[in-house]
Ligand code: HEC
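A single chain, nothing else alongside it, follows as structure tokens in the form predicted on its own.
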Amino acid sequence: MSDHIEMTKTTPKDFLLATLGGLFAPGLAIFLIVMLVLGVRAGMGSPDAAPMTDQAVRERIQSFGVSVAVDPNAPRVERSGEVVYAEVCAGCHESGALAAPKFKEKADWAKRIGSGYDTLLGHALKGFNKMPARGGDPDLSDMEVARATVHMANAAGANFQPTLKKEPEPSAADLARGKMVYADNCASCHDTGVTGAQKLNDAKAWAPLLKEGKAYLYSAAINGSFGGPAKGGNEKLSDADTRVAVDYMVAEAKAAAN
């Protein structure tokens, strides 16, 4: 007995679906190839992405500041009055801020020039009214302040020259006497720095005091200042001996700075 297998008859609809199914895969492949070719052609005119990526990375990792190495042993270069004015003084004197006399305004400067060069320089060095000492830059030397003062005053009609009064130099005998007075009255604090006293050979601690001048230091030592007692705590010490002790300390501080 043989099995009878009945074949299903293919309709036109079945034939059409089969044909479309067979064409789908080749058609998809052709479509992808065309899109790839078009993408390659479009990218030929655009800049290379690698350099742009590299540039973006460099911009992201660049530093926010620039470190400038300064050699502390390099000789200090004194600036001219014009340069000091531009870098330090112009912030107020160009605009008249904080009631500062404006640069080249003769009416603003007339009374000040009339007070004399020494008064003007003293105000510039130590500060006056709203103006800070040395224009707010403690690193300015006395001569740089003098040059800037003259530059501004002369621009308003003065005829000054930047000069500094030379302090009398103590003799060898004065320094020897000062050393003895120092040992007996000052060394207990200034040798160790106790109570905040400036150590004798600490050039950095003495730098701002040296800029004030000896007259200021004499007065501070005799009357008491910087948190220290008058005459080092010895009321019997004469003013003259106090001054020679200051002379000795100043000489030692300058030697340490040099």
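It should be emphasised that the depicted structure is a prediction, and the values quoted were computed from it without experimental measurement. Start at 1 with the first residue shown and count on from there.
The form predicted in complex with this ligand is left out here; the points below concern that form.
- The closest heavy atom approach of A173 to this ligand in the model of the complex falls outside 4.5 Å.
- This ligand is not drawn, but in the model of the complex it has a heavy atom within 4.5 Å of W109.
- For L200, no non-hydrogen atom is located within 4.5 Å of this ligand in the model of the complex, even though that partner is not displayed.
- Although the partner is absent here, K130 sits close enough that one of its heavy atoms falls within 4.5 Å of this ligand in the model of the complex.
- In the model of the complex, the residues of 130 to 153 lying within 4.5 Å of this ligand by at least one heavy atom are, in order, K130, M131, P132, R134, G135, L140, V145, A148, T149, M152.
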